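Next up: the same protein chain in two forms, each one alone, written as C-alpha cells (structure 1, then structure 2).
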Structure 1
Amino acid sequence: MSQSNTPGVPDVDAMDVDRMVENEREDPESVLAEADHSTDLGLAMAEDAKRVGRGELSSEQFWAKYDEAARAEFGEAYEVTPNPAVDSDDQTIDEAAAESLSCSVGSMDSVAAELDESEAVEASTAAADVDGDSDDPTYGMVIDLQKCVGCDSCTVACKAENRTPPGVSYNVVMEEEHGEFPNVSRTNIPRPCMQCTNPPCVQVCPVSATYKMDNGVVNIDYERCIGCRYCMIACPYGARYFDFGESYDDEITEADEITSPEYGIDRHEEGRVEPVGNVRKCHFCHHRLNRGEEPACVETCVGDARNAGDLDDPESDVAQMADSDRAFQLKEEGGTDPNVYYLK
C-alpha cells in the first residue's frame, strides 16, 4: 500500500526523509574545526568508519590504515583508550576499561553477560513450567488504583489479544461514583480473573475442566468443558463468561480470521473447534507469559497502573507492591486469596 493512501500521513517518500535527515545533520567540517585535533584526519576517519559500517571495509583494514596517524595525532590519550576493535574479539571493552572511562552503563561485556544471565533465568523458569517443580513462579498482578484513569484500554487490549467474541470480556473496569455533585469522586476497579489461590470455580467443576496450574494461573480445558456453567455460579468476581457463539463478523469483515493462541494452542490453525458452548475467562495471557512477555493489558495500560510478575520472587516489583500497606484484595473475607492485588 502506498503511503499516500494512509490518512493523516504526509505524502513523502524515503528519499525525502533521508534529505530531511541530511539537512538536520551538523556539518562535520565545522564541528571538527572547533576541536584541537586535525580536521582532515577526523573527516577521513569518519568517512571510512561509515564504510566499515556498510561492510565495505573491515575494521582490521581500517585500523591498519589509521593506527599510525592516530597515534601521532592523539599521543598518550590514544595509548590508554581501549580500542574494542583491536583489544577484544567481540568488539567490546572490559569492565576495568569501562570503569576508567566512567561509562555508567557498564562495559558491553558486562551488559551482554547480564543479558545472558537473565535469559538463562527465564529459560530455567520456562523449563520449570514444563516439569512443574517447586521453583514455579506464581504469576500475580498488581493494579494501582491511584494510577488507573478508567480508560478501559486494558479491556480493549485484552479483546484484541485474545480475540474474544461479543459478550465475552476477560477484563472489565468497574466504575463507582462516590459523593454528590459537585463533590464527586470516582473509583475505577479493573477486574481480570483473580487467579484465586483457592478458586471456587475449580472446586465445583464436575469434570475438572477448570484447574489450577503450578504457576498459579487457573486454566479452562476447552476440550473437556461441558458448559454446565456451575463455575460461573461459583465465581465471586463475575470473572467468567459463557461463549454463546456470537461473532463480530457482521460488523468487521473477516473478524474471525485472526485467532488467539489461548493457553498456547491456536485452535484455528490446529483445526480444533472454537470454544463455543464453553466458559471462558482471563488466563493472564498465558501464551504471552510462556513467551516471556507481559499480559496484553499490562503492556497497554496507559497509566502504567497494571503490573504483572512473579509473586514468589521477593525481589520482583509485584511481590514488593503486593506487600505494601496500600495493597488489598477483592472480597478478602471470602478466603479465595486472589493473586490479583490492588493498591489503594
Structure 2
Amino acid sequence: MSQSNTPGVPDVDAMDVDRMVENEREDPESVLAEADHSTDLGLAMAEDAKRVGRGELSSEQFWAKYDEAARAEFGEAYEVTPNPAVDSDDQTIDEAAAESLSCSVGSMDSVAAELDESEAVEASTAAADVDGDSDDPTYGMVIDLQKCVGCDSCTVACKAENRTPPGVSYNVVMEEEHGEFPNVSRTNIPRPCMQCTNPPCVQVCPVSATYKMDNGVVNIDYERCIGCRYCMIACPYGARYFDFGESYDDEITEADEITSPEYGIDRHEEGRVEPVGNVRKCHFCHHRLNRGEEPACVETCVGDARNAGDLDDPESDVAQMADSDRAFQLKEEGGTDPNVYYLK
C-alpha cells in the first residue's frame, strides 16, 4: 500500500531535498577567506576528499598528492599525526604509505589516546544505548518527513542543551513552500550532522582533529583542531560551523555561566579557550547518549518525527525504519553513507 501524505505535506523527492541542502550550504570560498590558511589548497583537498568517499581515489593517493603542500602549510601540526583514511578500518593510511610521507605512522586510536585518560574513555566509548544494552552500538537517526511540522522545537532544544553561541546551530530545519494560497504545501527538512560512515570531513583534516568513534559518532578534538575550516567545506551537508567566540551574554544575563559538555567532555572549564576558534557540529548529544538518554532534538520533537538508536540492532526501531521502502539518505551518490535516514 502506498504511503498517504498528510494534508499540506507534499510528496518528498530525494533530489529536491538534496537541492535544498545544497542551497543551504555556505559558499566554500567565503568560508575559507576568513581563515588563516590557503583557500586554494582547502578547495582542492575538499573536492578530492569527496572523491575518496565515492571510491574514485584512495586515501593513500589523496595524501601522496597533498603531502608536500600540507606539510608546507601546516608544519609540525601536520607532521605529528597520522594521515586519516575513511576507506580503512583503522581510519589511517597504511604503514608503508605513511613512512614515505611527512606524517607520523599510527592509527587513529593513537590520536585519541593522547587525550587525558578520563577524556579518552568518554571519547571512545558509549556507556549505554538509547534502544537497549549493546556493547558496540552504531548510533543513527531516522527522521519522518511526513511527521515533521516545521515547528523548530528541535533547533531550540539543541541550542538550549548544547549552549551553542550565535552563528552555531547543530540542528536546523530547512523549509520550502509549494503552490499558491489556498493550495499550499510545505517541505520541512531537519538537518543534524549525518555522522557519515565515510565522512569527507575526516578525510580532509590535515591534523587528524576529527575522526569516527566506535559508536558511529564523528568526533572533533578541540585541542587538536587548528581552525583551518577545510572540514566545513568538505562536508556535503553544510553541517559544520566555526566558533568565532560570540556570545549571548549581552542579551541574556549570565548566558555564559551555564555550559554543556561536548562529546561527554566538559571543555569549558577554567583555563580552556576551546571550542572558540574551532569548528563545531552536532554530536547526537553524546553526553546524553552516555547517560542512556536520547538526543535533545529527539526527546523534544512534538510530532514524534525523530528517532534515535542502534542501527546495528535489527530489532531496534531505527534499524527497521532505516530498512523500510520509505527510507533514503541525503546525497546518496556521494558515497558518504550517512547514519541519518529520512522517511518520504
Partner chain sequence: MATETDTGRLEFDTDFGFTSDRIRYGWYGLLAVLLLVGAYAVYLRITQGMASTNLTSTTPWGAWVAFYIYFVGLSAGAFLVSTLSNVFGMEGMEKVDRDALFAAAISMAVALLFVWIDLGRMDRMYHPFIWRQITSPLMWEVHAYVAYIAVLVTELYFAMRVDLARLAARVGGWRGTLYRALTLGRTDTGERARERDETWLKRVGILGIPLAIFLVHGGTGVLFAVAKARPYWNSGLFPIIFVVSAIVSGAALVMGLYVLRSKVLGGDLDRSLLDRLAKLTAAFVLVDLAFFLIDMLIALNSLHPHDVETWLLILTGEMAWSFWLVMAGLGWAVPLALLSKRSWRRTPALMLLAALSVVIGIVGVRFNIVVPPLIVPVMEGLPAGEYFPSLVEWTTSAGIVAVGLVLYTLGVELLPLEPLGDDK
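For the two forms, the rigid core is made up of the largest set of C-alpha atoms that agree within 1.5 Å on superposition. Quick caveat: nothing in here was measured; it's all calculated off a predicted structure. All residue numbers here follow the sequence of structure 1, with the first residue given the number 1.
Of the two forms shown, structure 2 is the one predicted on its own, while structure 1 is not.
When two forms of a protein are overlaid on their rigid core, residues whose CA moves 2 Å or more are considered shifted, and A296 is not one of them between the two structures. Once both forms are fitted on their rigid core, the CA atom of N183 lies 2 Å or more apart between the two structures. If you fit the rigid core between the two structures, you'll see the Cα of G53 move by 2 angstroms or more.
Core-based superposition between the two structures puts the Cα shift at M20 at 54.2 Å.
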